[in-house]
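This document starts with one chain, in the form predicted on its own, laid out as structure tokens.
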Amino acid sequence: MTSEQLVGELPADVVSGDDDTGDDADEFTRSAEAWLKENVPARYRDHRGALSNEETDEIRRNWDRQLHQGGFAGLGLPREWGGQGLGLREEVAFHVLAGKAKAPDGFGRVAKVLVAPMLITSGTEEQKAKYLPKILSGDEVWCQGFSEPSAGSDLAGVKTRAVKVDGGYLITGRKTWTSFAQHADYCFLLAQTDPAAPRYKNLGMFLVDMKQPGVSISDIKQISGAIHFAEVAFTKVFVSDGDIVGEPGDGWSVAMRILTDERGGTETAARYVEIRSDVDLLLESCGDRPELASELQELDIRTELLRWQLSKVVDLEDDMGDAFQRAVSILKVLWSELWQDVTRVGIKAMVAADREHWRYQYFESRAVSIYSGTNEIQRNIISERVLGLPR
């Protein structure tokens, strides 16, 4: 089964924003496919592995602007804030098509998937007006300041402090595994606002200017050779009162809504395309080897179970209740462990022509069960909040 089938299974009734079930879904798909064919940079599509980091960075930054100009930025965001007013179906469909077209991943993903929904749900009118236009246009890049060197997966245990001063706060602390920090204009960041307050009530969500004094960024080079993350030190960095999201003790509740978006359908759609491509490569290069038949069949089935679960999430979008939350909660565990198993078989069974591909994929996949919250923590969440098991 291929990624085209996921797009084909997406219901048509939400594409136009009404109950019409005509040809709107097909029209959206055709429009997106045509636009991607015309706009995906050929040098990225055909020579991605040979490009320098600087060339890749330039392409990725420009890609965000191209998406905005083409009308494909913020597909699921409200029109009144510059989005397209569509939904998760269209977001998922476009990500699948972009994966097929070998499109770059822009620097704006964190802002569009996490920051924009956060501001629309929890931000002030001033924050929306100030930040949303440049997020959607690709003119400002954002990073996420959650993880810390000493906090691990215990998000509630962050040590970064926000000390109240006249007109705002001074932020001091360290954040690690910060995606896009090297390119970011702003960071949305969790920090302690009141160390004496009860756990989960002592955190604030801040919007931090990354270009001011007191911000220090150190690259983190992965085992694959890529640099996707950084460690960031904040030393008495000022944030105005107007740049805290919600009240000073609302940080935890705001963060939980963000993590639902981070682990949800849009991210999984892109991962499904990559995993499906890797499984197809294995089947093409090693499918005739009897000793691998059982493993390859299992990986193929698990890949399509991931697609099925993603389609289930899309179908439940309008409900957004317990069933939707249950369906979303297992996606990250499913795709991360599946991809690790696929690359493990790829390393073991690879043919010479695919050696560099599997080497890179294997090293890249090692971290996916850790970032966005470790799978061990995610299983705790599933057992307690989804299944209702005792702690």
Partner chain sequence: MSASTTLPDEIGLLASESIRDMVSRATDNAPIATYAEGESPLSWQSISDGGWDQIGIIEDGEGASLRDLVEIARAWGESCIPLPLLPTIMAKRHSAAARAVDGPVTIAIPSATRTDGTCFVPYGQLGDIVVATGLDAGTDCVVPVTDGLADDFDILMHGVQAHMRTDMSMSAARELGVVFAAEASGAAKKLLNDGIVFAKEREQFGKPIGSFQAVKHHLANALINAELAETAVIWSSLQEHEVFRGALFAIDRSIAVGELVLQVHGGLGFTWEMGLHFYLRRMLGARELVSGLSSEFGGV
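Here the structure is a predicted model, which is why all the values come from computation and not from measurement. Positions refer to the first chain, counted from 1.
There is another form of this protein, the form predicted in complex with its partner chain, and it is not shown here; the text below is about that form.
Contact check for R199: a non-hydrogen atom falls within 4.5 Å of its partner chain in the predicted complex. Its partner chain is not shown here, and in the predicted complex it never comes within 4.5 Å of any heavy atom of E33.
For W81, no non-hydrogen atom is located within 4.5 Å of its partner chain in the predicted complex, even though that partner is not displayed. Remark: F238 does not count among the residues lining its partner chain in the predicted complex, judged by a heavy atom distance of 4.5 Å or less. Comment: 343-351 is the region of 343-351, 64-72, 51-59, 38-46 lying near its partner chain in the predicted complex, near meaning a non-hydrogen atom within 4.5 Å. Think of it this way: in the predicted complex, its partner chain has a heavy atom of just one of I220, A129, I217, A293 within 4.5 Å, and the residue is I220.
Only one of S224, S122, Q192, T266 lies close to its partner chain in the predicted complex, with a heavy atom inside 4.5 Å, and it is S224. Taking its partner chain as positioned in the predicted complex, the only residue of 165-187 that brings a heavy atom within 4.5 Å of it is W177.
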